[in-house]
Structures are given as structure tokens and as C-alpha cells.
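Consider the single chain below, provided in C-alpha cells and representing the form predicted on its own.
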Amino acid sequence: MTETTLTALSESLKTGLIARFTALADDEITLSHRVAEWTGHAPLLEEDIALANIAQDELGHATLWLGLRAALDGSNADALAYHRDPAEFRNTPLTELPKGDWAVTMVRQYLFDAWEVLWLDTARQSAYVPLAEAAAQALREEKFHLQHTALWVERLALGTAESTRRTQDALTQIWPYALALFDPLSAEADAVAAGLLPDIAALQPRWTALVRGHLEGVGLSIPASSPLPYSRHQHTEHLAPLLADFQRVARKFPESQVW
């Protein structure tokens, strides 16, 4: 595949990359905030530390994606993270849902991590070198995240009757939202065709096979497909209060330049 440099990008390709980098970053920002809400409240001390590290990794990946966007349009990562309104965010509804109980958090994180590992693994082959390099960097950490959450899903599903019930309930609740991860961004079509971005639709069968094998292997049932009231391009009522909390300090001191 021929490598594509920044100077060789058409406006259409830049637009597609910017759209995807923004969506990736917004997924990481919102999910990191939800995971961080467990700090001081996780069921085990070691898990308290582990989730804090995962939240930090996710926020670091958001910085990575916003940095790639900045190289294309000169935007400021802190301004995008802390001073956009909810309607301007492009995350999937999955990542903004409340943290719920421990089963909800682990199932949501597992389904998202599985998606992200596959996306990053494919993005390593991108013809846009900065993306290929960033994907390879993030993939190492995301593989650890996936391993961690897969083990927790197994532990909960094969635990007590109560933990099994809660895990199945969490999967039933989360599953349709996870499917919205595969809603393509209209702006990225040219970049996908040019080999710069992974084809989201092509990833879904691989993701389904991966997660189905693990979930059914620990006795969980995959919910029947049902229409999701929200697509990737819409938000739930949960995003606005999440961002109000996340952005509170930065908005209180708008003259600050770096966070």
C-alpha cells in the first residue's frame, strides 16, 4: 500500500480523518470519565488502582487522537475536550451511559475494548503513517485492557447466582448500544476507500465472533438484536451532566491555556 503523507491529503481525506479522530477521542474522553468514577469505590483495592490506570490510558489515547487531528486542522486539544458543548461531541452513546454496577462497567468496557483492539489492529496498516504509528502505540495498552475486562466478565458470569444474573442483565442492557460502534461516519467514506481508515462494517463480523465466543463460553446469552433508540450520531440524556462534571474546573478558569 502506498504511504500517504500530510501534504498529499485531499480536503476530502482530511475531513474523513478529522471526523474519525474526533469520534475516537470523544469515545475515550467519555469512557475514561465513567471508569474514573469508580476511583475509591471499586470492590477491591487492586481493582481501584487498575481502573484508575485504565481511565488514565483512555484519556491519554484521547490526547493521541486529538493530536492527530491538530496536525490536520491546527485545533487545540484542551479546547476541544473542555470547551465544546454536548451537541458537538461525536462519541457513541455506549460510552456516556452511567457507570451502573460493577457488571455494567465490566461488560461495557469489555465490548468496547474488543472493538477498539480490532480497530487499532487494522489501523496499523493505514496508508497514513501518523495513524499507523499511533494505532500501534495504543494497541499495546488496549490489549491489556481487553485481557483484564474479559477476565472480569468471566469471573462475574461464573461466580454466584447473583453475579451471573447481574452480568446477564448488564449484557442485555449494553449489547444494543455496543452495536452502534459500527455505525460508519459519512465523512470518512473516502478515507476508508483510500486505505487510510479501517472499514467499520468489515470489523463487525470479527468483533461478533470474538465476543460471542467469550460470552457464550462463560454461559451468557447474546441478546436478540433490537433497534437502538440512539445511533452513534445522537446522544442520551446522560452526556450533558457527564461533561458538566468533566469540564467544570476548566470552564471556571477559561483564561487558562493548558490542562
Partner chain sequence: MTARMTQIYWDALRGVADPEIPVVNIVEMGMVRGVDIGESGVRVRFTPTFSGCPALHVIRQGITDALAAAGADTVTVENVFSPPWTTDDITPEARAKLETYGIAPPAPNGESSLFMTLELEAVRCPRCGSFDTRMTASFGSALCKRMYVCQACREPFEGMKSV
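Positions refer to the first chain, counted from 1. This one's a predicted model, so the numbers in the text were calculated from it and none came from an experiment.
As for the form predicted together with the partner chain, it is not shown, yet the points below apply to it.
- The partner is absent here, but in the predicted bound form a heavy atom of 141, alone among 141, 101, 183, 169, sits within 4.5 Å of the partner chain.
- Taking 158, 71, 187, 136 one by one, only a single residue has any non-hydrogen atom within 4.5 Å of the partner chain in the predicted bound form, and it is 136.
- In plain terms, the part of the chain that comes close to the partner chain in the predicted bound form, with a heavy atom within 4.5 Å, is 45-53 out of 190-198, 25-33, 217-225, 45-53.
- Interface residue remark: residue 87 is not counted as part of the site for the partner chain in the predicted bound form, having no heavy atom within 4.5 Å.
- The partner chain is not shown here, but in the predicted bound form it comes within 4.5 Å of a heavy atom of residue 57.
- Residue contact check for residue 83: none of its heavy atoms lie within 4.5 Å of the partner chain in the predicted bound form.
- Taking non-hydrogen atoms only, residue 64 approaches the partner chain to within 4.5 angstroms in the predicted bound form.
- Taking the partner chain as positioned in the predicted bound form, the residues of 146-167 that bring a heavy atom within 4.5 Å of it are, in sequence order, 146, 147, 148, 151.
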